[in-house]
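We begin with a single chain expressed as structure tokens, specifically the form predicted on its own.
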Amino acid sequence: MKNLLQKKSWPPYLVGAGIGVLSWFAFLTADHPLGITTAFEHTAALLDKSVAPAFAERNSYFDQESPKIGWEWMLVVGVFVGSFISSKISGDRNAPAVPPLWEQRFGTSETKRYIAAFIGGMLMLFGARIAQGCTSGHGISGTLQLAASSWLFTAIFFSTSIGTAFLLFGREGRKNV
């Protein structure tokens, strides 16, 4: 049997338990729920402060928030570093730049694929800021706290994701790959 770290995917119950323990750790040590989009908000505010200090001085955001590179940013870094380490240990880094399903629907252009991924990521970030939380903030921390708004957010983001996948790739897309 393979070492758990060398597997390309883990059992969902184990992953769920691990995320639960991570959430407990976040509440215990930082007295704050998990969330990633705040790091991007703070980064934009810090850039604003360094590029246009006069504008930042008049911006009411800075009255309420003290943007910093804190533990949320370390969580963002940890996601990238952890993903990289996991892909190296498991040997699961052979995904093509243009997956077959994308190629079938939109062609072989890597540039088009990367632009679409970037735009999709920006839309997700924008939506998360409007919702005042992301999939980790609402979907994990909020639902763990039984917050009704987080359960609603989670239902909406799953429904929207499924609908978007059908819109982009069609109902029969997977059968043809």
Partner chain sequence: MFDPIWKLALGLFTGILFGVLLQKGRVAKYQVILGQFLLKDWTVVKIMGMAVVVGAAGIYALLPTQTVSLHLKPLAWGGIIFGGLFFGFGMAIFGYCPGTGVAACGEGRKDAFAGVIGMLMGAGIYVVAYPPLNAFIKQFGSEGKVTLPQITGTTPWLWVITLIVLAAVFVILTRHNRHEMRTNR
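Since this is a predicted model, take the numbers as computed values, not measurements. Positions refer to the first chain, counted from 1.
The discussion below concerns the form predicted in complex with its partner chain, not included here.
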**Report entry** 4.5 angstroms heavy atom contact with its partner chain in the model of the complex for G121
**Finding:** yes
Query - Touches its partner chain in the model of the complex: T108 (any heavy atom, 4.5 Å) - result: no
Report task. May I ask you to state whether D31 is within 4.5 Å of its partner chain in the model of the complex, using heavy atom distances? Result -> yes
Report task. May I ask you to state whether A54 is within 4.5 Å of its partner chain in the model of the complex, using heavy atom distances? Result -> no
**Report entry** Contacts with its partner chain in the model of the complex - residues in 127-145 whose heavy atoms fall within 4.5 Å
**Finding:** G127, A128, R129, I130, A131, Q132, G133, C134, T135, S136, H138, G139, I140, T143, L144, Q145
